[in-house]
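Just the one chain here, the form predicted alone, laid out as structure tokens.
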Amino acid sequence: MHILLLLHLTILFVFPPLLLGIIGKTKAFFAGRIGPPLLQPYFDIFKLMHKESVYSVTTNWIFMAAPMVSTAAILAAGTLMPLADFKPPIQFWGDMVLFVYLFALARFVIVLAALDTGSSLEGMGASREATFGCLSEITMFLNLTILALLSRSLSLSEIFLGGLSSSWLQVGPVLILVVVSFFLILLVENSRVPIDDPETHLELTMIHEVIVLDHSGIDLAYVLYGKAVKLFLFASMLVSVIITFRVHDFLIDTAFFFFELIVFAVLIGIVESTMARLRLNKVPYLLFSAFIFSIFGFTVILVRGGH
């Protein structure tokens, strides 16, 4: 039991930056370039961890604490999420509600830090981040509610560890709607193309990147690492909904889980390589589309009586 717990924490703490490296390599392949090394995200975080942070005289303790609090909240959410065939370190009835609100807390403190700088540019980005976050959170809650109704549980462990095993045969179209909606929310929550571009610094189009412009050194390392963990957790949720089969052998299930995540990271890289970024005023339409998919799925489940 202790070994499985240690494996869960090891995967949660160590593996996430690799997904960003796989996405980068995939995008480089489609662009006809060699691209950065696969482990470049680890190198960047390690380098920043050894650099000193620089603070503006207009900021206070809120700006200094926000990166650590945000990363801690995301890691805390990771302790509620089952990975592969491992039960999470923390599980209780209704933990899916806390799971969503830990992400909300991570967003809130980063937005607060952006406002603390007094920069109009970061204030603009904070407004965008908060607006899109409000639209995505309700859709995420709806999707998790659908999964809770299908698995008859409000615990993430029971939802993702076998609770959906027969649902694809019974309500496959509903789960397809959930998967599409979840994928759109993943792109929004993690500021990926076509919603945002983590590699650009165009002032009028940035969303997430603009609110962390003033962070440097170890603070920026926390931000980048938290961002990687968040993408990892969203990807884990999505692949757990798509692939519900388990052999209940921790080595095989873990290897298959890694394979699923690698394929998913490649898929994100393909999407970012083949799609242009949306105009900013078109992003709400994509969020509304994800919400409508969730509403349709939720309505079907209610009509069927949750069966």
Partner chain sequence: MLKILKTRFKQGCRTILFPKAKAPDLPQRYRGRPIIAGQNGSIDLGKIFFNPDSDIVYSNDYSMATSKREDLVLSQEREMALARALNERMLKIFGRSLKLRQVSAGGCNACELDLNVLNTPVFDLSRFGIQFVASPRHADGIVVTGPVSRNMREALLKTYEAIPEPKLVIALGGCAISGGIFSDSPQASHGLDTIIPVDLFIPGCPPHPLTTLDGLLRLLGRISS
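Numbering follows the first chain given and starts at 1. Everything numeric here is computed off the predicted structure, so don't read it as measured data.
Keep in mind that the form predicted together with its partner chain is not shown, yet the notes after this line are about it.
*Asks:* In terms of non-hydrogen atoms within 4.5 angstroms, which of the given stretches 29-37, 239-247, 258-266, 66-74 touches its partner chain in the model of the complex?
*Replies:* Every other range fails; the passing one is 29-37.
*Asks:* Please determine whether L213 contacts its partner chain in the model of the complex, using a 4.5 Å cut-off between heavy atoms.
*Replies:* Result yes; L213 sits at the interface with its partner chain in the model of the complex.
*Asks:* Using the partner position in the model of the complex, report whether L115 sits within 4.5 Å of its partner chain, counting heavy atoms only.
*Replies:* Result no; L115 lies far from its partner chain in the model of the complex.
*Asks:* Answer with yes or no whether I270 is in contact with its partner chain in the model of the complex, where contact means some heavy atom within 4.5 Å.
*Replies:* Yes, I270 lies within 4.5 Å of its partner chain in the model of the complex.
*Asks:* Contact between V229 and its partner chain in the model of the complex at 4.5 Å, heavy atoms?
*Replies:* So V229 does not count as contacting its partner chain.
*Asks:* Find the only residue in V179, L220, L154, L102 having a heavy atom within 4.5 Å of its partner chain in the model of the complex.
*Replies:* That would be L220.
*Asks:* Of I159, M206, A235, V111, which residue is found within 4.5 angstroms of its partner chain in the model of the complex when only non-hydrogen atoms are counted?
*Replies:* Checking each option against its partner chain in the model of the complex, the one that comes within 4.5 Å is M206.
*Asks:* May I ask you to list the residues of 38-52 that have any heavy atom within 4.5 angstroms of its partner chain in the model of the complex, in sequence order?
*Replies:* Heavy-atom contacts to its partner chain in the model of the complex: Q40, F43, D44, F46, K47, H50, K51, E52.
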